[in-house]
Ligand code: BDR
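Coming up is one lone chain in structure tokens, specifically the form predicted on its own.
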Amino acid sequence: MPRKLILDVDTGTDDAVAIMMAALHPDLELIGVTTVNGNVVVEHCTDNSLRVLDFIGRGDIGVYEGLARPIARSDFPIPRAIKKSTGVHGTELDVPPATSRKQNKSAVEFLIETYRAATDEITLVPTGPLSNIAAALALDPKFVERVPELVLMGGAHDHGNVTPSAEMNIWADPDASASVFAAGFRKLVCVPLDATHQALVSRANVLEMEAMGTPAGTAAARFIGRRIGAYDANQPMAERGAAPVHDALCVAYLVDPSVITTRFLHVAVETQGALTVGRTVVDTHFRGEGKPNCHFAFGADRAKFVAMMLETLRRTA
């Protein structure tokens, strides 16, 4: 039986690849997409999600629009963050406008009602700021009990990307992030920059995608090609001509958990530090009093991840 999941996204180029992988892989059943303010304003996140699903022939999957701002902080998005993300994501993804429309129900309503009514396990996969998830936790005290596994893309131990110490998704809504890490989910998996930067996708891989002739291959080549150009220009990786596709690694984990290497540790989010707000504080040496609450990924198998991505993008709906 395919593994059911909901993607909570701020689409974005890497979210778009994650959506395509989740919608096309035979071992997965994407039952809904929720959107949140992040890489671009939430209206564009919703539009981009609809565009991608329509382009690959999966417009049957519902898209639910979520929070348009963080639950607490008032200074996001700020010009520096927008400037850094524009080259990587743009505003509208380079696929035709959507013909499908977003659902009338809000993202948070959809999440609460879906998990309340679920008879099968549904994995929740947030790949943007955690505002929607925190709101669901606040509105439904039993929400944390209903989610069997939460797999999020965000955070970093070694280095940040929007500040020296913080990764974008966690930094964008640190109070929401703190509440999610502290909530007590049965299983919480965090796929941070430490892992995604080890799973780079190269220009040679992009050429393979272009040659596939499938809608997903065509779209992914455009999106990842844009990412590589932006990373080479502004945030070069150890290997030039290659870039991480962060969010897609979470989807790959659902199919094959061995694609990442994790340690079970206590992780908390800094919400007040002037220099460290949004940092994921990972207790790697057990110096704090918190019990392990998160399977935090420190490594990734690049070859396995890229092979799975290419195989999935060759599929059609």
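In case it trips you up, residue 1 is the first one in the sequence shown, and so on. Remember, predicted model here, so these are calculated numbers, not experimental data.
In what follows, reference is made to the form predicted in complex with ligand BDR, a form of this protein that is not presented.
S.K.: Determine which one of 139-147, 117-125, 160-168, 205-213 lies within 4.5 Å of ligand BDR in the predicted complex, judging by heavy atom distances; exactly one does.
M.R.: Comparing against ligand BDR in the predicted complex, the contact stretch is 160-168.
S.K.: Quick check on M153: any heavy atom within 4.5 Å of ligand BDR in the predicted complex?
M.R.: Contact with ligand BDR, yes.
S.K.: Is there a non-hydrogen atom of A98 within 4.5 angstroms of a non-hydrogen atom of ligand BDR in the predicted complex?
M.R.: No, A98 is distant from the partner.
S.K.: Contact between D173 and ligand BDR in the predicted complex at 4.5 Å, heavy atoms?
M.R.: No, D173 is distant from the partner.
S.K.: Taking any heavy atom pair closer than or equal to 4.5 Å as contact, tell me whether A230 reaches ligand BDR in the predicted complex.
M.R.: Contact check for A230: no, nothing within 4.5 Å of ligand BDR in the predicted complex.
S.K.: Could you tell me which one of A135, L200, L193, A221 places a heavy atom within 4.5 Å of ligand BDR in the predicted complex?
M.R.: The residue from A135, L200, L193, A221 that makes the contact is L193.
S.K.: Which residues from 1-27 come close to ligand BDR in the predicted complex, meaning a heavy atom within 4.5 Å?
M.R.: If the 4.5 Å heavy-atom criterion is applied to ligand BDR in the predicted complex, 1-27 yields D10, D14, D15.
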